[in-house]
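Below you'll find only one chain, the form predicted on its own, shown as structure tokens.
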């Protein structure tokens, strides 16, 4: 069964919690377009990789069937709480645990009540699937895994979804340029921390729009270093791994600053994606 959609989305809760704030409205509108496109592609499961779910010793996969609770973001708690109610495709998640081990990487499933789900996962699920209709498979961001290892994990997760006969979408959750304001700001005046960050983000968009041509990964690595990109842009590595050698272009559905850092909703498009089929 096909990969039907691939996207990068930001994990900051601010646009979701304050959608009325003018600098964040392009991201809110981008999420709305992405939500419509995702629904039209009719996936049966979402493969998620969030830079905000941090792992150290092992590669973790969420294997609890039902995740429900109230999350308080450690940075933006004054803007509001984050309730969540999500379902996990446990069979596919367990297959990913075994698939990770087959790559020679230690892996564990996480299955306990009250697990502290990360902000990015909650934001992505609420903005892309607000009614919680789609089950998810959620991979942690192991701090010791580099771009190449993360890309292999994305490829493995896609392979497991295809073996299971699932129509799947892959969603990388994370930010772009990583410089944030270290002081209080009026949110109505939010802007990029430096003009250079905005320029670097635009260069990344241009590279992605050209698709998987030779040199893309080198451009991404150079960007990640210069822009201090969120976790080295590993959420993009996971998505590219899941896409394999499919041809693609990209469309930036929404872009803007979030407390000085860069954020964008990006849709991967092209003949390599069986959207709506």
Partner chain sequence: MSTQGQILAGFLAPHPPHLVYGENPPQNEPRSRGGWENLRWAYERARRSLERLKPDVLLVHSPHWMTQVGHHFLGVRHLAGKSVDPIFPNLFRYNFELEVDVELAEACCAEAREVGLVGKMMRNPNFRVDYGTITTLHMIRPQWDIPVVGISANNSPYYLSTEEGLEEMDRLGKATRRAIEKLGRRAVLLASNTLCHWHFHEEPEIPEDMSREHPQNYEGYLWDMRIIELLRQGKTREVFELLPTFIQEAFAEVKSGAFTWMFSAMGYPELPGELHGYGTVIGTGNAVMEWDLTARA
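Residue numbers count along the first chain shown, from 1. Because the structure is a prediction, the values reported are computed rather than measured.
Just so you know, the form predicted in complex with the partner chain exists too; it's not on screen, but the next bit is about it.
Contact check for residue 208: no non-hydrogen atom falls within 4.5 Å of the partner chain in the predicted complex. Looking at residue 129, you'd find every heavy atom of it more than 4.5 angstroms from the partner chain in the predicted complex. Contact annotation for residue 81: at least one heavy atom lies within 4.5 Å of the partner chain in the predicted complex. Shown alone here, residue 101 lies farther than 4.5 Å from the partner chain in the predicted complex, counting heavy atoms only.
For the partner chain in the predicted complex, the listed stretch (119-127, 176-184, 153-161, 90-98) containing residues with heavy atoms inside 4.5 Å is 176-184. Among the residues 38, 224, 45, 60, the one placing a heavy atom within 4.5 Å of the partner chain in the predicted complex is 60.
Of the residues in 109-144, those that come within 4.5 Å of the partner chain in the predicted complex through at least one heavy atom are, in sequence order, 112, 113, 114, 115, 116, 144.
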